[in-house]
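Quick setup: one chain, the form predicted on its own, written in structure tokens, and binding and motion questions come after.
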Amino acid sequence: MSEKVLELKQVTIKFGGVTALDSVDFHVNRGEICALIGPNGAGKTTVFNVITGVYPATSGEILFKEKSILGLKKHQVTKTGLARTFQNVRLFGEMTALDNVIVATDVHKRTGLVRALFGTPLNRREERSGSERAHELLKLVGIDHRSDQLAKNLPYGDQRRLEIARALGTEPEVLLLDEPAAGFNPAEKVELADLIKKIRDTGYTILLIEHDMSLIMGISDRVVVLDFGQKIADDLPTIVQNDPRVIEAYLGVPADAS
């Protein structure tokens, strides 16, 4: 039986009189690639925001490894083992690619400011370990040859890869990818699909939002569909793509309309 590593139970979010999420209920199994899709405005990014502590839920429950993470601050959520990327790249442009990832590895450091200032043996070991891990992650995403380049000078596709490496630098168990293929050409999307599968095969669980259906259908183990803040489907990709409710949500007309 599959282990549920992340679970949303009847999660509702209201902004004033607007219901952004309405009793959303789904889970992510350990080791799978689960896609969260839906038309624009369906509530996909809102799901990411409530999972990672950006928005509080009005009601419901969010469990990570069977423990509630509701009410945790963003940095606390990261420390529990969840990390995300964003629709718009958010890197430290004036820092090198390597330093962007090293900063992420600091999340789990045991040394504080005082030990860092005095260069204690523990601090030196953690600095060395962080640098080594950052190099490994840059290699994993395929941009280790750009480690010394400023993030702002990297090609757009490599900036996307760097953001993934930085998220992995926090050593998450679950990686949340928010439209990772945005702005990619067809060849880059193929490479991205290979990278996402490679990351999963390395031992991570992945929840992603993506609009490119060919990419979603090619890499996902399961697909969850939202429409107007409600879950309308949750199944294998081949079943979801033929679901009349999903077709209607995307096309705006019933699937059997002539």
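Bear in mind the structure is a predicted one, so any value in this text is a computation, not a measurement. The first residue of the sequence shown is number 1, and the count goes up from there.
The protein also exists as the form predicted together with a small molecule; that form is not presented, and the subsequent description refers to it.
When contacts are judged by a 4.5 Å heavy atom cut-off, residue 20 counts as touching the small molecule in the predicted complex. Put simply, residue 30 is far from the small molecule in the predicted complex: not one heavy atom of it is within 4.5 Å. Residue 41 belongs to the set of residues with a heavy atom inside 4.5 Å of the small molecule in the predicted complex. Heavy atoms of residue 80 never reach within 4.5 Å of the small molecule in the predicted complex, leaving it off the interface. Figure note: of the listed segments 41-49, 186-194, 59-67, 217-225, the one touching the small molecule in the predicted complex, with heavy atoms no more than 4.5 Å away, is 41-49. The contact with the small molecule in the predicted complex, taken as any heavy atom within 4.5 Å, belongs to 179 out of 99, 179, 144, 171. Checking 129, 76, 87, 153 against the small molecule in the predicted complex, a heavy atom within 4.5 Å turns up for just one residue: 87.
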